[in-house]
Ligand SMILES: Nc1ncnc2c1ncn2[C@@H]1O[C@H](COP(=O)(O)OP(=O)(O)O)[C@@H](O)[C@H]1O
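One chain comes next, on its own, written out as structure tokens in the form predicted alone.
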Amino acid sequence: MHTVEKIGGTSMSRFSELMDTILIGDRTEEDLYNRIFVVSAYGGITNLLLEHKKTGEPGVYARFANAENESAWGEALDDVRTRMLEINHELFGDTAERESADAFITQRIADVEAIMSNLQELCSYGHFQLDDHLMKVREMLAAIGEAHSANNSVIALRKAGVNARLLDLSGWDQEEPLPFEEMIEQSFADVDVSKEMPIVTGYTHCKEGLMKTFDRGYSEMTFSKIATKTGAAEAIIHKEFHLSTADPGIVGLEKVVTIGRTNYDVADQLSNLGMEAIHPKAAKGLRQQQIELRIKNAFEPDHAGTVISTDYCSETPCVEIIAGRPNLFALEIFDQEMLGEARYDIELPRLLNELRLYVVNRDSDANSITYFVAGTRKMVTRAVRLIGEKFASAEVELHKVAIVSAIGSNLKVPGILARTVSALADSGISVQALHQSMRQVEMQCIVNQDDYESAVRALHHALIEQEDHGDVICAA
């Protein structure tokens, strides 16, 4: 019986601590094994390789996609090489291990640089279009980050006496890509987890092209697929924090508690708000095979963390977490001719999808529909213009809003709606819209963007702090 465990990028940047906690700690001999680790790139590396996840600042990929010459992206790739070699020095100092680590990543980057230069030159001819190859370039660049961290991890573990094995799923020397499942099966065909510790790249090169569908959520798909294909007893994600009742940076570390237990419905609601415990499509496989997912703090190895399972439902109705999404736009479309006209429900979602605007929620009445969307201001402004052109009689307004949600596996809390509205009103916060589904797992409040943090604190105080949850809401 083995576990499959994923380590995020921020945690990987504290690798020396990981060696003393989850990777080795006080384990010896057979206790070190029966664990498969899927690793992300070190914190910040994927931002440098692609683009900054939050600010959109261009990395190597973004510069290459818009480049007219090599210098536009070559310097950015040099910066990546420099940062990776700095990480190697921080980990290994002036040792033979560092020489090995440097040689590995220097060769990878040199290969990538040559491929990108040749591709750019090829696409200077009219018969070849760069856009046809950009997704492959994006995948190739992303794979460097995971290969770097996985290879370093194996070097460090072997130095410490652990029989670690690198499983590079990036397909670097592969003649042609295999289907996703076949790639996993083939890679693990001769692995004996009872005697060796596989360290696996978070990126998997496959026919389906993970980035095409999941973009930067690909490592969770790799993690989930390995767990299901190898029949893991448990899947574990190690983060730098616990899955708590709210963001401690907003509410205060002393006021939040670890959730302890919840279900995949709750995990999906968090994902919808951009606070992924796990990507919903990655959770699907675990859910179908009844594999429990444990979210742990990588630096508190003795804490049980939070277990997410398929059939869990809190015996006592309660709010388990206050979460939200602070930077959203409300696209309000009013049209007197909307009543009974189905094309609005068909064409508006299609348009928003084409603009890559993520719809978090929507509400409607007889002659108006409001979509609460996440995306760039540029795309939202474009949506306003296109909606106006498509529906000539419509009035389209744009508002800056935030969503604050009360979420739980059993949200049938008596009087929760009244307590929620009262808590926000007492804090001087105006509710713009309110949503509660019949499934009773989430209640969403739409507030002004500037009121987001105040609303989180107000609801956490009213719905969680005033309840007696102890150190965890439900013991794992």
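Just so we're clear, the structure is a prediction, and the values are computed from it rather than from any experiment. Position 1 is the first residue in the sequence shown; the rest follow in order.
Keep in mind the form predicted in complex with this ligand is missing from the figure; the text below concerns it.
Among 176-184, 97-105, 242-250, 380-388, which stretch has residues whose heavy atoms lie within 4.5 Å of this ligand in the predicted bound form? Flagged stretch: 242-250.
Might Q466 be said to contact this ligand in the predicted bound form, defining contact as any heavy atom within 4.5 Å? Flag for Q466 set to no.
Hey, in the predicted bound form, is I369 touching this ligand, heavy atoms inside 4.5 Å? No.
I'd like to know if M140 sits close to this ligand in the predicted bound form, meaning any non-hydrogen atom pair within 4.5 angstroms. No, M140 stays farther than 4.5 Å from this ligand in the predicted bound form.
Please tell me whether any heavy atom belonging to V373 falls inside 4.5 Å of a heavy atom of this ligand, as the geometry stands in the predicted bound form. Close contact is absent here: in the predicted bound form, V373 is far from this ligand, nothing within 4.5 Å, heavy atoms only.
Under a 4.5 angstroms heavy atom criterion, identify the one residue in L77, I321, A267, V200 near this ligand in the predicted bound form. None of the other options qualify; the answer is I321.
Between A164, M338, V193, M275, only one gets a heavy atom within 4.5 angstroms of this ligand in the predicted bound form; which residue is that? None of the others qualify; the residue that does is M275.
Looking at this ligand in the predicted bound form, which residues in 1-17 have at least one heavy atom within 4.5 Å of it? Read in sequence order, the residues that approach this ligand (within 4.5 Å, in the predicted bound form) are K6, G8, G9, T10.
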